[in-house]
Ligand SMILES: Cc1cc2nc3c(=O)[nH]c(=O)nc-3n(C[C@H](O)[C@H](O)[C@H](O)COP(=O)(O)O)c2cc1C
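Take a look at this one chain, the form predicted on its own, written out in structure tokens.
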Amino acid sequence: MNILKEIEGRKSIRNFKPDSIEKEKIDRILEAARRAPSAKNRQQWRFIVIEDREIRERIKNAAYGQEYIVQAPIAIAACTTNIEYRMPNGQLSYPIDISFAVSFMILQAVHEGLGTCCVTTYDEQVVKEILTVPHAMRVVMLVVLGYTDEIVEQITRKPLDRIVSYNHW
């Protein structure tokens, strides 16, 4: 298995076709997220699949008019059910856990031939109200996905020798 192709082919997409996404693909994307690691295997996440255009329109407004939220046929809200848990190193677990789950989701979406974009600029309180997310939980990020016309070119990244060291800083 070589997933480097999917990693290299991933790019934030902001232009989507209106074509619907097959349920089997959505299920595999959600399964990939479910399989992601989490602190102490707590799996303190919930994913809300938003297919309804009217709801996505309301979320677009809460996200300061980011049109691709409505243009994409699916948005997924990645939520946490435990905002208090800290790992032994003192870090909150939910931002890391959700990042793993969303990363797995994105890679599976690319494998399925879909484009994705993570959305983190929105009024969380308004999004929580729209999606009826309980008060004690967080909407950590949104992921929009769909088919795209964009040509995905490999994104320029810093070379390894600029970001990696061994045994010390």
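For clarity, every value in this text was computed on a predicted model and none was experimentally measured. Start at 1 with the first residue shown and count on from there.
Just so it is clear, the following notes concern the form predicted in complex with the named molecule, a form of the same protein that is not shown.
- Of the residues 26, 119, 33, 39, just one reaches the named molecule in the predicted complex with a heavy atom at 4.5 Å or closer; this is 119.
- Contact annotation for the candidate site: 3, 75 and 111 all lie away from the named molecule in the predicted complex (no heavy atom within 4.5 Å).
- For residue 14, a non-hydrogen atom is located within 4.5 Å of the named molecule in the predicted complex, even though that partner is not displayed.
- Among residues of the shown chain, residue 151 is not one whose heavy atoms approach the named molecule to within 4.5 Å in the predicted complex.
- Of the heavy atoms in residue 160, none are within 4.5 Å of the named molecule in the predicted complex.
- The named molecule is not drawn, but in the predicted complex it has a heavy atom within 4.5 Å of residue 141.
- The partner is not shown here, but in the predicted complex the stretch 64 to 94 reaches within 4.5 angstroms of the named molecule through a heavy atom at 66, 68.
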